[in-house]
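Read the single chain below, which is given as structure tokens and is the form predicted alone.
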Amino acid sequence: MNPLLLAIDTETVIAKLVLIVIVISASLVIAMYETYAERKVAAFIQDRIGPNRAGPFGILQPLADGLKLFMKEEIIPATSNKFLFILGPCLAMLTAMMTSAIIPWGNKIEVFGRTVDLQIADVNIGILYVFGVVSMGVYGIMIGGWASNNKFSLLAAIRGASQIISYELAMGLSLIALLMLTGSLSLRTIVMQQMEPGHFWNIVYQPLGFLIFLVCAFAECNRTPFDLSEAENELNFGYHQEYSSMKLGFYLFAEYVNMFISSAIMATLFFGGYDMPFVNEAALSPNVAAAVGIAALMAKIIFFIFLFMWVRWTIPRFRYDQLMNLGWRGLIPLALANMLITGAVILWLHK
């Protein structure tokens, strides 16, 4: 093999490995501080102070919580399936982290004379990859609930699995209409189309599709008002009732990582991704344009994370029959209607 090509391939692999480490570390840190932000948002809504002991303004509270989970005793029920009991939270965390691989975090940057993409993998079936990985997350919930050998955990896991499967259908149908407009499954291509002159963000073309996707994202992340798999008043503690220490931490962290990634996907698909409105990125240097794009994407992500938290502390939990009725009788027909209307409009415009 040509030594020059080998050197180039090695540099590309190193650049990708560095990007993977940065993305995973950033996701974990953001998920950790989402717990702090959630408690502060809840305190503000309920006219309380919130965490204020660990560090100034309680800023070190997530570190204290993480240390507490690490130091807690590791308990595995004697009647559980020990292998699956450990596999469940690991699978939940793994699938939560894998979805970040295809998100374009910004434009290309120049480092030591090389151009580096701020995307781990630009695959041409990016959205299908997201759905495939998210579907695997169901197994983390189901395995954890079943392996606990606890009837409340099993019931919660069945609830969670049926909820996620039901809302995935409406979410997929809402994206079909978007794909009819973009003609691509690649997230970078979708972002570049929204950045073209004369084009608007996809929220302008697909407001109903975005609304359906947003509601389904709440259900996929097991967030209130769709947290029926963690209904404390009915199921004690939910599918992770028997878990302690970092196994419980993995389940809790996976939910916040899923919130972060869901917010990034919504910003990418419907709000231009790393596009900063009214800024001409072509007039900036590549690194400055990339920094502006990353800041724009993070601002959109923070807004959606705040929306997740705002809804949690203002809307009561649905009953399970209401949850399933909304998914099957409400969102799926709406998504089908949105898809048919979009197809009709596209045919009319291309006559």
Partner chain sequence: MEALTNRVKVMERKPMTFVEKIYLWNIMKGMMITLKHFFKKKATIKYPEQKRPFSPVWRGLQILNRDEEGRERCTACGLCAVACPAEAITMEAAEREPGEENLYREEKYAAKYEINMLRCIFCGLCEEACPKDAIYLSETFTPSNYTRESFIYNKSDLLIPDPKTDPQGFAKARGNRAKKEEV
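Numbering follows the first chain given and starts at 1. Predicted model only: the values in this text are computed from it and were never measured.
Unshown form predicted in complex with the partner chain; subsequent notes refer to it.
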Subject >> Stretch in contact in the model of the complex with the partner chain, which is absent here, among 28-36, 44-52, 64-72, 287-295 (heavy atoms within 4.5 Å) >> reply: 44-52
Original post:
Is residue 318 a contact residue for the partner chain in the model of the complex, using a 4.5 Å heavy atom cut-off?
Top reply: yes
Subject >> residue 181, heavy atom within 4.5 angstroms of the partner chain in the model of the complex >> reply: no
Original post:
Given that the partner is absent here, does residue 59 sit within 4.5 Å of the partner chain in the model of the complex, heavy atoms only?
Top reply: no
**OP:** Answer for residue 311 alone: is it within 4.5 Å of the partner chain in the model of the complex, judged on heavy atom distances?
**Re:** yes
Original post:
Which one, 192, 211, 86, 203, lies within 4.5 Å of the partner chain in the model of the complex by heavy atoms?
Top reply: 211
